[in-house]
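Have a look below at one chain only, the form predicted on its own, in C-alpha cells format.
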Amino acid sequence: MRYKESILSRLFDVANYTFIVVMMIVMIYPLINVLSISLSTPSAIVAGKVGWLPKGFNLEGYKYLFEDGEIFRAYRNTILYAGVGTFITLALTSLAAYTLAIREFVLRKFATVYWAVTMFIGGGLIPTFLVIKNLGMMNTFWVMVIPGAIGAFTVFVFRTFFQELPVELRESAYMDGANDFVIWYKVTLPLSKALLATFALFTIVGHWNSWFNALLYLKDSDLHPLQMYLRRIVVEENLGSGYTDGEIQALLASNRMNPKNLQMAAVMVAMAPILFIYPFIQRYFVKGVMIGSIKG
C-alpha cells in the first residue's frame, strides 16, 4: 500500500529542505571564500571582487608558507601534542572511571562528589598559572598535554559506560587470579573500543584547535603548535604591528602578494587535515554524542 502524503506534509518537506540548503550555503560560503581569496590576485582582493570563485591565479601565499618551513615545525608539534595528549587523557580518564565503577570501592561516594564539585568550581586562570609555574612546567612540552588532560564530565561518561558491562566478567577474572589493573587493561578497555575511539577523536580535535595554553605558557616559538603559527600570520597584520619578516615585506612591496593571500592560505593549510579526515570519522562523532546524551 502506497502512502499518500498530505499537502501540509509536502509543504513541510519543502520548507525543511529549503532550510537545510540555506544553512549549507551559509556554512560552505566562508570556506570557499577563504580558498578563493588565497588564490586571487592582490588587485582583485583590494577591489573586493572575490566571492565564490578566485579572481586571477596567485600562489605566492602558499609558496611562502611552504618555503618558510616554520609551518612544518608547527605541524610536528601539534601532531605530538595531539598524540601524546590523547593517550594520557584516555589512560587517566579510563583509570579514574574504572575506579568509580567498582561498587565495592570504599571511597566511591566521596570520590564521586569530589569529581562532581570540580565541574562547578574551578581554580581560575591566575591560580592555575601559578601552580604550573611552581611545578616547573613553563615552556615545556608537558604543559600542553598535562593540564586539562582529565575532566569530570568525561570521567562520568566513562564510569557510566563501564557500569553497563556485565559484573560477571570482572568476578570471573578475579577468580582466575587477575588484579584490578589487569582487568582494566585486558577486560574493560577491549570492550570499550567504541567509547575510546570516540573520545580519542574529540581529544585530537581539541588539541588541534588549542592555542590558549601555548599563548600563556610557551615562550619558545620552537614549541608553538600550528594554531599559534596561524594566529601569528592572521592576527599580526590586523593588530597593526605589520609583518617583521623581510621576505613578506618584499612580496607585499612588489605587489606580488596581498596580506590576505598569506592569511587565507595559512587558514587553508591549517584546516586541510581535518577537512580530509572528518568525512571518514564523522560517524564516530555522532556515536560519541549519543553515548554522552543517553548514558552520561
Partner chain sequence: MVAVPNRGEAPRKVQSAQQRTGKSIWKRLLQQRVLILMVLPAMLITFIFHYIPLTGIVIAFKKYSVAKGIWGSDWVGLRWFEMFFKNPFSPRILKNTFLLGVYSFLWTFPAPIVLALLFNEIKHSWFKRLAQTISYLPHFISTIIIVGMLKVFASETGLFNEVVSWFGQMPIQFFAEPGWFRTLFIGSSLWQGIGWGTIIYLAALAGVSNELYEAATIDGATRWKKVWHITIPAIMPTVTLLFILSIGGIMGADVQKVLLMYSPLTYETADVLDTYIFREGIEGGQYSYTAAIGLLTSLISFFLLYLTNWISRKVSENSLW
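Residue numbers count along the first chain shown, from 1. Basically, rigid core = biggest C-alpha set you can superpose within 1.5 Å across the two forms. What you see is a predicted model; the values in this text were computed from it and never measured.
Another form, the form predicted in complex with its partner chain, is not on view; read the next lines as being about it.
- In terms of contact with its partner chain in the predicted bound form, the residue from G136, P190, G83, P127 that brings a heavy atom within 4.5 Å is P127.
- Proximity to its partner chain in the predicted bound form, defined as a heavy atom within 4.5 Å, singles out one entry of L216, L165, I79, L196, which is L216.
- Taking the partner from the other structure, its partner chain in the predicted bound form has no heavy atom within 4.5 Å of any heavy atom of N58.
- Although the partner is absent here, N209 is a contact residue: one of its heavy atoms lies within 4.5 angstroms of its partner chain in the predicted bound form.
- Its partner chain is not drawn, but in the predicted bound form it has a heavy atom within 4.5 Å of Y29.
- For the chain shown alone, S40 is not a contact residue for its partner chain in the predicted bound form, no non-hydrogen atom being within 4.5 angstroms.
- With contact defined as any non-hydrogen atom lying within 4.5 angstroms of its partner chain in the predicted bound form, the contacting residues in 181-204 are F181, W184, F202, given in sequence order.
- V14 is among the residues whose C-alpha shifts by 2 Å or more between this form and the one not shown once the rigid core is aligned.
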